[in-house]
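Form predicted alone, single chain, as structure tokens, below.
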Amino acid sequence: MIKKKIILDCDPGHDDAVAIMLAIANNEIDLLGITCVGGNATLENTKLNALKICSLINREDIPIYAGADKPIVYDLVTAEHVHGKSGLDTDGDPITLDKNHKIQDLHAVDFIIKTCKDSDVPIYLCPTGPLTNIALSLKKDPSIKDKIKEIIFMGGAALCLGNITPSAEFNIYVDPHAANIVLNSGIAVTMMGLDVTHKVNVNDSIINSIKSNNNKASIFFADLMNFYSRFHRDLYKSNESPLHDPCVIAYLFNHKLFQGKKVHVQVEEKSELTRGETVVDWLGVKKLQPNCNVITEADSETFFKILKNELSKLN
């Protein structure tokens, strides 16, 4: 079996943590490195959180790189209201880091460029935070486009409401300019937006089922979800919470879980009212060339069965 080579670009983040663990666990994925960006929390916190996640599951061998600490144009907006001050707050025991487990010296953008150029096969870029690192890589060295098989990102809202403003999803709102660079790059792009992630909902039954694996990763998953769910249950007046970022990884190794449509997507960059809105021409009324595979449906039941099984493989 030929594994899919990926770079996971993230801003951990509770759901990013689950995406990291899923990528590490899956046998069809070769995780070349983790690149961090300012998003759910400041870059200082997101890179520390990535170290903590890999340390918890004894995978200090996976290199972690720090990238952009702010969007291309705007000041950084974080999601402390969802993820806590650290970006990875839980009620569980704190994670102790080995003093030798550190962020790599190379900047995330340079790692992405070097990895793309050095790879013998095209690689997958999997951003689960603002798209700043990906956009800056494409701007710095446009030649890497030919070495990228696909960009699968978590972000946007095609046919549904936003979650940071009435019309915008958080990752795209934080750096709309970066999103447009990615969407207009000519690379194959898949959008795992709120339309689909709000159909992959975690609840107490799922949390307890995965926790019953009784390994560190699964217990950590339960700790993450118990904290993360509080905000969503209050906002949506529901006992379920959308599990956004792992959808990117699940799509990578099991397309059959998801359904969508290739359409044209552009992002509003400047409006005070609709900054970050993903303007999706679902009906093709503007007759523009489709530039994005927008996912809207998911087999949630099978997704969580797979997630439970994958997390059971870890420490």
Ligand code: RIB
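Start at 1 with the first residue shown and count on from there. Computed from a predicted model, the values in this text were never measured in an experiment.
This protein has a second form, the form predicted together with the ligand, left out of what is shown; the following refers to that one.
Handout entry: Heavy atom contact within 4.5 Å of the ligand in the model of the complex, the stretch among 68-76, 126-134, 104-112, 217-225
Key = Looking at the partner contacts, the answer comes out as 126-134.
Handout entry: Interface residue in the model of the complex among 163, 213, 180, 229, criterion: non-hydrogen atom within 4.5 angstroms of the ligand
Key = By the 4.5 Å heavy-atom cutoff, the listed residue in contact is 163.
Problem - Contact test in the model of the complex: residue 154 vs the ligand, heavy atoms, 4.5 Å - result: The answer is yes: residue 154 has a heavy atom within 4.5 Å of the ligand.
Practice task
May I ask you to check whether residue 40 falls inside a 4.5 Å heavy atom distance of the ligand in the model of the complex?
Solution key: Result yes; residue 40 sits at the interface with the ligand in the model of the complex.
Exercise for the section: Tell me, yes or no, whether residue 245 is in contact with the ligand in the model of the complex, where a contact means a heavy atom of each within 4.5 Å. Expected result: It does: once the ligand is placed as it appears in the model of the complex, residue 245 has a heavy atom within 4.5 Å of it.
Practice task
Can you tell me which bits of 263-286 touch the ligand in the model of the complex, meaning any heavy atom within 4.5 Å?
Solution key: Nothing in the stretch sits within 4.5 Å of the partner.
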